[in-house]
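Quick heads-up: it's one chain on its own, the form predicted on its own, in structure tokens.
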Amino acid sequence: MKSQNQTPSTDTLKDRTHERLQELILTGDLVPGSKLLETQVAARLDVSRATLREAMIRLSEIGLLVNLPFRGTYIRKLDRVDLQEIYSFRTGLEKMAFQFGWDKRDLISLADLQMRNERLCQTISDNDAFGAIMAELHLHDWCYELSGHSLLLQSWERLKPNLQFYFAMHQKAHDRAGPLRESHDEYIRLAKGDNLDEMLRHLEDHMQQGLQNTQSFLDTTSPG
């Protein structure tokens, strides 16, 4: 019985360390491109280096950390090419998700979409930068879940860590925790509507605008 009682607390510590390290990365407390100093970060999180390293492995697997041979582990950073690839891929994925899921919408799924947007607005009101990143991703999860397309959903899950970085950069570019409260109003309205083509055009325009704003921010903050 003792070992059974210890396992959940151990797993909870590992999960909590993973989440807290992820938050430090996405909120910019750990500077993109900088080396992760294990001793300092472990002390900051009040965990052992062994526990920290398990979290580092998990975040390396999804691309938030980069391991350089003989040099150490570094915080992931994005450049213009990264942003362009992320957003061209994301735009295509999200349009496909709406195309596959459009006829599967019902009152329950649309109420769920509205609830996700309300959660996002609440995190913004709470000035919760990390919470807003996760809530915005959860909002966009909706169309992929509704699509019923397993490969499409898998592709979205693989893309999400890159989008976490993008959303964090977007927050810095606008000096606020998350998007504007009303930024998804049109998205929600069209997702509830009856014009798929209009929805797809909105996705193109909305994402292109976000890409341009973030690229401009990247250009002004990059050295040289």
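Numbers follow the displayed sequence, beginning with 1. A quick note: this is a predicted structure, and the numbers were derived from the prediction, not measured. Take the two forms, find the largest set of C-alpha atoms that superpose within 1.5 Å, and that set is the rigid core.
Keep in mind that the form predicted together with another copy of the chain is missing from the display, and what follows is about it.
K.L.:
Decide if the three candidate residues P32, R80 and D141 all line another copy of the chain in the model of the complex, where lining means a heavy atom within 4.5 Å.
P.N.:
No, the whole trio is out of contact, none within 4.5 Å by any heavy atom.
K.L.:
So which of L180, I57, L37, A43 reaches within 4.5 angstroms of another copy of the chain in the model of the complex, heavy atom to heavy atom?
P.N.:
The residue in contact is I57.
K.L.:
Between K192, K172, K160, R53, only one gets a heavy atom within 4.5 angstroms of another copy of the chain in the model of the complex; which residue is that?
P.N.:
Spelling it out, the residue with a heavy atom inside the cut-off is R53.
K.L.:
Specify the contacting stretch among 164-172, 23-31, 63-71, 181-189, defined as having any heavy atom within 4.5 Å of another copy of the chain in the model of the complex.
P.N.:
Comparing against another copy of the chain in the model of the complex, the contact stretch is 63-71.
K.L.:
How about L152: is it within 4.5 Å of another copy of the chain in the model of the complex, going by heavy atoms?
P.N.:
Judged by the heavy-atom cut-off of 4.5 Å, L152 is in contact with another copy of the chain in the model of the complex.
K.L.:
May I ask you to check whether Q114 falls inside a 4.5 Å heavy atom distance of another copy of the chain in the model of the complex?
P.N.:
No - in the model of the complex, heavy atoms of Q114 and another copy of the chain never come within 4.5 Å of each other.
K.L.:
Given that another copy of the chain is not shown alongside this chain, does L93 nevertheless sit within 4.5 Å of it in the model of the complex, heavy atom to heavy atom?
P.N.:
So L93 counts as contacting another copy of the chain.
K.L.:
Can any non-hydrogen atom of L137 be found within 4.5 angstroms of another copy of the chain in the model of the complex?
P.N.:
Looking in the model of the complex, residue contacts with another copy of the chain do not include L137, since no heavy atom lies within 4.5 Å.
K.L.:
Which residues within 75-105 place at least one heavy atom within 4.5 Å of another copy of the chain in the model of the complex?
P.N.:
Heavy-atom contacts within 4.5 Å come from E85, I86, S88, F89, G92, L93, M96, F100.
K.L.:
With both forms fit on the core, has H202 moved 2 Å or more by CA between the shown form and the other one?
P.N.:
Result for H202: no, shift under 2 Å.
K.L.:
Please state whether R189 has a C-alpha shift of 2 Å or more between the shown form and the other one, with the rigid core used for the fit.
P.N.:
R189: C-alpha displaced by less than 2 Å between the shown form and the other one.
K.L.:
Rigid core superposed, CA of R53 - does it shift 2 Å or more between the shown form and the other one?
P.N.:
Yes; R53 is a residue whose C-alpha shifts (by 2 Å or more) between the shown form and the other one when the cores are overlaid.
K.L.:
Distance change of 3 Å or more between the C-alpha atoms of S155 and Q22 in the model of the complex: closer or farther compared with this structure?
P.N.:
Result: closer.
K.L.:
Taking the shown form as reference, are the C-alpha positions of S155 and R53 brought closer or pushed farther apart in the model of the complex, with a change of 3 Å or more?
P.N.:
S155 and R53 sit closer together in the model of the complex.
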